[in-house]
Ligand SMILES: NC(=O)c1ccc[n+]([C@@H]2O[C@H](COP(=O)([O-])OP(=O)(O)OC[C@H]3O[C@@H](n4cnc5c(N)ncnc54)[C@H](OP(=O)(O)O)[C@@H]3O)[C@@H](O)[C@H]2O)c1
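Okay, here we've got a single chain as structure tokens, the form predicted alone, with questions on binding and movement later.
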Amino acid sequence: MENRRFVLVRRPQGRPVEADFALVDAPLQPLSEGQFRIRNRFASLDPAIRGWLDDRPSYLPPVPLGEAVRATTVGEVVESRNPDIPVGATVLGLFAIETHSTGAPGGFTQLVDPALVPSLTHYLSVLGAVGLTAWFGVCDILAPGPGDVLLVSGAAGAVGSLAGQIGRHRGARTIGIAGGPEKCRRLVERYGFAAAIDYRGKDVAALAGEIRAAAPEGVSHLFENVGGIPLDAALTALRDGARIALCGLISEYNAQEPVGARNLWQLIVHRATIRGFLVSEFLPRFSEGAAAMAALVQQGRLVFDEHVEHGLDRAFPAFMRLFDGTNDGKMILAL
């Protein structure tokens, strides 16, 4: 049996191109004691993957050249030399974009119950790292409440759309920044944001003016996914004592030179705090967060969208949708 893999063949220079990757068939190797083999059903395509393709220090080592691109996957165990992970079990873990992955216990790897969800894809969206990033970022890092104003950049994305809804359920007034009138309309009509701001075609001054108009009392909490112009604009509209959760900087992931934030002085002016975070730091509490998110979904208080592309041959165009902004919901590849 062979394993079909989406392999990194050269380091992208700026925006990735299709020639940076290849689809490769490789024979499956025998399992060692304690290992198990998963037939991957779905892979999560996330902006963070772009950072793993570069050979530079990060929270995870770079994807080696000639290896399949790292991604969170969910699938069924088809072979096992581990008594705790039997054949037929469903496993979620950080593996790779390939038809079969070899795993071992530890890290993010966990057994999941397919009977608890309408679709296995939910373990990659609302009940997976995406949902948990939003949950812990809002509830633990920011902790907004009644009277607060929560601003979310990249608000129409998988994490941002959930973060805004969680903030609203905690009593905060939520404002979202997104690209284009359709996404802004979705923020208000589907996700329940109080206001939406279209960033397209606007410089820092223009975008800052719209943020201040939507939040004349100032932004007390910022869930930052984008960086660049949206972050610089938001920094000029802060309330004293504001808190910022830095989740991502997607506007810079394909830039060959970092742009950085030019209005950091405003952190001093407003005695504000900015805190970067990774969902992995909350690993011991994943079950707690997933249960809370599941309860909100079951109560009809949380809505989410998934964008599923089918087939390994769609891996590159599906991945690039994240940076084109053409995905409608959490980007997932069906394998």
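Since this is a predicted model, take the numbers as computed values, not measurements. Numbers for residues come from their place in the sequence shown, where the first is 1.
Form predicted together with the ligand: not shown, discussed below.
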Legend entry - Which of 192-200, 258-266, 163-171, 109-117 lines the interface with the ligand in the model of the complex (heavy atom within 4.5 Å): 192-200
Inset, instruction - Quick one: from 101, 121, 220, 225, grab the residue that has a heavy atom within 4.5 Å of the ligand in the model of the complex. - result: 225
Legend entry - the ligand: the contacting residue among 175, 231, 97, 178 in the model of the complex [heavy atom, 4.5 Å]: 178
Legend entry - the ligand contact at residue 149 in the model of the complex, heavy atom, 4.5 Å: no
Legend entry - Contact test in the model of the complex: residue 323 vs the ligand, heavy atoms, 4.5 Å: yes
Legend entry - Contact flag, residue 128 vs the ligand in the model of the complex, heavy atom cut 4.5 Å: no
Inset, instruction - Report yes if any heavy atom of residue 250 sits within 4.5 Å of a heavy atom of the ligand in the model of the complex; otherwise report no. - result: yes
Legend entry - Partner contacts for 267-283, taking the ligand in the model of the complex and a 4.5 Å heavy atom cut-off: 277, 278, 279
